[in-house]
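Shown next as structure tokens: one chain only, the form predicted alone.
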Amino acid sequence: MNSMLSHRARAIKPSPTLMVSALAKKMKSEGYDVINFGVGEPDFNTPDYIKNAAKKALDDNFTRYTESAGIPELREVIVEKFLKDNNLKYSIDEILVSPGAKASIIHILLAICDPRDEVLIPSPYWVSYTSQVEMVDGHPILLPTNMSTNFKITAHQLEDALSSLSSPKALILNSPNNPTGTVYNKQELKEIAEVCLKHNILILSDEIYEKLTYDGEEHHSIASVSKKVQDITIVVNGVSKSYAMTGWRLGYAAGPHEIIKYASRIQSHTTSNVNSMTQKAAVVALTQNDGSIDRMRQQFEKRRNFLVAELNNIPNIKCTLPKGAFYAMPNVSFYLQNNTKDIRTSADLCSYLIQNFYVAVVPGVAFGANNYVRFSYANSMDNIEKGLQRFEEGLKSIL
């Protein structure tokens, strides 16, 4: 049977984050009191004013196919959003609306990549980047970072990597970052962009966590560095994380007209269009505000402060304070190197913790960083407190 499958299908691994969440849900259904830090979505409900817009669209019978790239009303709103929030000017035909930011990314990659093209990806990375590059027969090139570099690549590191490549096509940059929560500042983005211009490579900038920054940290889009940089950049964003709309499935991309045109053409043959009611809800999400989004962000910041402080109080655990998104990534290398349970990888450790202490965290190896695990603080404070206690007890039990 395996011979009937394509090399592409056989090469793709399941999403580790979804696997952790699925296992946690399964154990919960079997009666286990599992605390799940693996989920990558807000634990808040979609605000009522957004839900009401979808209900109205349904009542108005707005239920048919739409333009593949998105209804003009929504694309106009996205154009206005980029101008207002990011000082970026786009036309409506430079906007692609997709069923999730993940779909925007794969359609963009299909539009720009030929077989064996090299796509550079800072590591730790969101689990789907490498798989999506491989799905289009590209070659992911990892740029390793760690706590000592605040999980950021440098322009010098990028320059060194590019000098040894034969067919570099693009850099995927994610700020605020999943899984580390790191946020690049304007100067860092400027220096990275200059290297990309020098080597004539594209930038795919994933900004899905744009609205979730803390400590007064500002989000900057690398496309806003200059018009020249905007001309080589495709910005990907969406409503999933910032507006608690993960299940609605709506992402969007903005970039050079030719790239968006062909990505839209590809999308027309894959997913067609985002469901019509979601598009109407997104119009309202991006144009109205009842304060609930910032209240959600403030709760995330409060949880982040507590989680990171408590993690750093656990012996031999170190965790940097993330500046964005809703993840923290503590270093657990001491426990991988010093234990009596034959635990050698972060995957081993996470499996042990969920099976014996009913706490689910995602192994760092899934993000290309074996010495770490990822916590999502999109969780209630009560669950965070109980989960941290179980995490610490689990670590003590393996020494």
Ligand SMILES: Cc1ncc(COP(=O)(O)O)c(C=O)c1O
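The numbering used is simple: start at 1 and walk along the sequence shown. Please read these numbers as outputs of a predicted model, since none were measured by experiment.
Below, we turn to the form predicted together with the named molecule, even though it does not appear here.
Asker: Decide whether residue 209 counts as a contact residue for the named molecule in the predicted bound form under a heavy atom distance cut-off of 4.5 Å.
Answerer: Yes - in the predicted bound form, heavy atoms of residue 209 and the named molecule come within 4.5 Å of each other.
Asker: If you check in the predicted bound form, is residue 101 within 4.5 Å of the named molecule, heavy atoms only?
Answerer: Judged by the heavy-atom cut-off of 4.5 Å, residue 101 is in contact with the named molecule in the predicted bound form.
Asker: At 4.5 Å between heavy atoms, is residue 107 in contact with the named molecule in the predicted bound form?
Answerer: Residue 107 lies outside the contact set for the named molecule.
Asker: Under a 4.5 Å heavy atom criterion, is residue 184 part of the interface with the named molecule in the predicted bound form?
Answerer: Heavy-atom contact with the named molecule at 4.5 Å: absent for residue 184.
Asker: Contact check in the predicted bound form: 126, 178 and 249 versus the named molecule, with a cutoff of 4.5 Å between any heavy atoms. Do all three pass?
Answerer: Result yes, every residue of the spot touches the named molecule.
Asker: Using a 4.5 Å heavy atom cut-off, which of 141 to 149, 200 to 208, 220 to 228, 314 to 322 contacts the named molecule in the predicted bound form?
Answerer: That would be 200 to 208.
Asker: Between the options 299, 213, 157, 240, which residue brings a heavy atom to within 4.5 Å of the named molecule in the predicted bound form?
Answerer: Of the candidates 299, 213, 157, 240, 240 is the one lying within 4.5 Å of the named molecule in the predicted bound form.
Asker: Considering the named molecule in the predicted bound form, which of 278, 174, 233, 267 comes within 4.5 Å of it through any heavy atom?
Answerer: Looking at the other structure, the residue within range turns out to be 174.
Asker: Taking heavy atoms and a 4.5 Å limit, what residues of 149 to 170 are near the named molecule in the predicted bound form?
Answerer: None of them.
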